[in-house]
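A single chain comes next, written as structure tokens; it is the form predicted on its own.
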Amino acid sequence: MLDPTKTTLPKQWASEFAMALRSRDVTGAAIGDALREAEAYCADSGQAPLEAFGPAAAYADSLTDLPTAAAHTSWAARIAPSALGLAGLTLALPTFDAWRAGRSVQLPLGGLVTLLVIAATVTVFLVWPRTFRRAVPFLILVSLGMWGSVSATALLQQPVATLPTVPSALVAAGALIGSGIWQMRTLDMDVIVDPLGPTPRPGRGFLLLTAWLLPIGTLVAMGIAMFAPVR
């Protein structure tokens, strides 16, 4: 795997260049080739990349012949597994609280708002991938999404729906397991490949952790909730 910040190119230029290519779904192998070619040219000419190629994003856009990944996959198909897992997480936690308290499931308004905020944030990145070309807008958008989620969860506790516990648990488990299986079938770890080094192969453990991150996170949240008073 090639880390853009580990080349001899200036870190900011190299990072923006790699992120701009990523925003166009350029393959990891092609990004690695482009980085090394820019690095070699600057080393031979003695020029800085800004002088030789111009702004990183503009130069990335000029490389129109680079191969792209997942060109056949719509943004809806790419967001669907995560959306399913988030729906399962949103239902699983109040269902777990209801089981501990021996009552029906009460879905809080904050949980639903959190789900919508997270889904909207992810959708922005998929529909308008150029949003994360620069670190500052990327961090601002993520921070706003996290702030909105935490605020909604903390402030909007009033229930908006009451559901039976057992069916809710089955639906939540089905959504979480389904999202993990779906991710396993569609996950493509297209890392940036260094043409001067060995081709990286993500370990099975890393792939499993990535695909099952939401189900695992749900179990961890339930484990933490066991130490909280029953509500």
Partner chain sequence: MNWPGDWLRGVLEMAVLRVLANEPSSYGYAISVALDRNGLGTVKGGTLYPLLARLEQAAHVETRWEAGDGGPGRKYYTITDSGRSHLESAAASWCAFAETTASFLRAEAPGIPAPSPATTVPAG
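Being a predicted model, the structure only gives us computed values, none of them experimental. Residue numbers count along the first chain shown, from 1.
Heads up, the form predicted together with its partner chain isn't pictured, but that's what we're talking about next.
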I'd like to check something about L196: if you look in the model of the complex, is any of its heavy atoms closer than or equal to 4.5 Å to a heavy atom of its partner chain? yes
Just checking whether F53 would be counted as a contact of its partner chain in the model of the complex - the rule being heavy atoms within 4.5 angstroms. yes
With the partner left out of view, is D190 within 4.5 angstroms of its partner chain in the model of the complex by any non-hydrogen atom? no
Within 4.5 Å, heavy atoms only: does A43 come near its partner chain in the model of the complex? yes
Among V26, L163, A57, L63, just one has a heavy atom within 4.5 Å of its partner chain in the model of the complex, namely L63
Residues from 4-39 in contact with its partner chain (non-hydrogen atom within 4.5 Å) in the model of the complex: D33, R36, E37
